[in-house]
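Form predicted alone, single chain, as structure tokens, below.
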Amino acid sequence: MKTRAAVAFAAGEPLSIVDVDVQGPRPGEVMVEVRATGVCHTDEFTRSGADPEGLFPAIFGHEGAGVVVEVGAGVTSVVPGDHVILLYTPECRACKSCLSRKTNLCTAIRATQGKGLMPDGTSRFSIDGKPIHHYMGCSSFAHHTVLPEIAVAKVRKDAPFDKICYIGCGVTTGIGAVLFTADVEAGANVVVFGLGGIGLNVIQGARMAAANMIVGVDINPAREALGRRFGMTHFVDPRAIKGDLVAHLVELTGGGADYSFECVGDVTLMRQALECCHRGWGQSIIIGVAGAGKEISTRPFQLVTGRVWKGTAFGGARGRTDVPKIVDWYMDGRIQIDELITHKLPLARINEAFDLMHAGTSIRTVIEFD
């Protein structure tokens, strides 16, 4: 069948809105009619050419929500008509990683997903007979997409697509980093570097955990008001600090942060985030994705004296298990999403979403399909 999609034909070029051919689901697969998708910094990271693993041509997008329209043989967890969120981090519940309960990084389809292909080594997308790569196993910038059954989370039907699509990445990544990866306890002091979409979700995760002090660090003072709405208690603009930022944060938090979160993808900030942590027990969680070839560094003394450096992907959340719970949190009013959706555009204007991102005027732009 034909479907409308935004295709990236080459790195650094705008996406092209074209009709593509999409094959139906094969055994173990589902076809989803995408109703809404967020445009994430990770999409731009690959589109720009900075991603060393980027593949072209491809259909980007990994923050989508929609309706199952067809299932392949053997699929039992969803049926046509079910509402789902697409999962770039699947959950097979059978591989070594899933069974370990030590990580959310399911390995069942990792090899083919990284090659832009379905588990059988082929693509479901093509133009004039030439295959188009899938992206992060999702390709939500297409009105119809095909995914493995283990890469969709069934969610309640009364949740709005234009809000819950954001749970497919940004919301879960930020909140999950606090609740699942760091397991922040009540009364903790938290420092958040970067108050974009991820950072704001880290802040509301820290609020949910009943953290004591939630410090937001950002060079854009306009983010302060929004940060406070999400639970931030203190704001620091590094450019307004006289002297060393790390020393300032250590003093502000009474000896250092119990937990810090780097949400930008800047290796200098990653070092500062670690070094502002409390001696003996402070943990720093890296969420941001740095550019190709970048490396992090610190003095060994920082780690020998008890600080911990950790990374997280998808906030440590197990997709099919945890994502439906997070949708419930939103519907029950425990977390905020509406305020983070600053722009909505049709697919035909998707390139404007990247312009808004670069201009720093959007938190998250959502693309809605007719």
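Just count from 1 along the sequence shown to find any residue number. Predicted model, so just to flag it, every value in this text is computed and none were measured.
The form predicted in complex with a small molecule exists for this protein as well; it is not shown, and the discussion that follows is about that form.
- In the model of the complex, at least one heavy atom of residue 105 sits within 4.5 Å of a heavy atom of the small molecule.
- When the small molecule is considered in the model of the complex, residue 150 lies well away from it, no heavy atom lying within 4.5 Å.
- Contact check for residue 40: a heavy atom falls within 4.5 Å of the small molecule in the model of the complex.
- The small molecule in the model of the complex comes within 4.5 Å of no heavy atom belonging to residue 320.
- Only one of 47, 35, 62, 307 comes within 4.5 Å of the small molecule in the model of the complex through a heavy atom, and that residue is 62.
- Between the small molecule and the residues 313, 69, 341, 331, the one pair within 4.5 Å by heavy atoms in the model of the complex involves 313.
- Residues 187, 213 and 249 are none of them found to lie within 4.5 Å of the small molecule in the model of the complex, as judged by heavy atom distances.
- The stretch in contact with the small molecule in the model of the complex, judged by heavy atoms within 4.5 Å, is 87 to 95, chosen from 120 to 128, 154 to 162, 274 to 282, 87 to 95.
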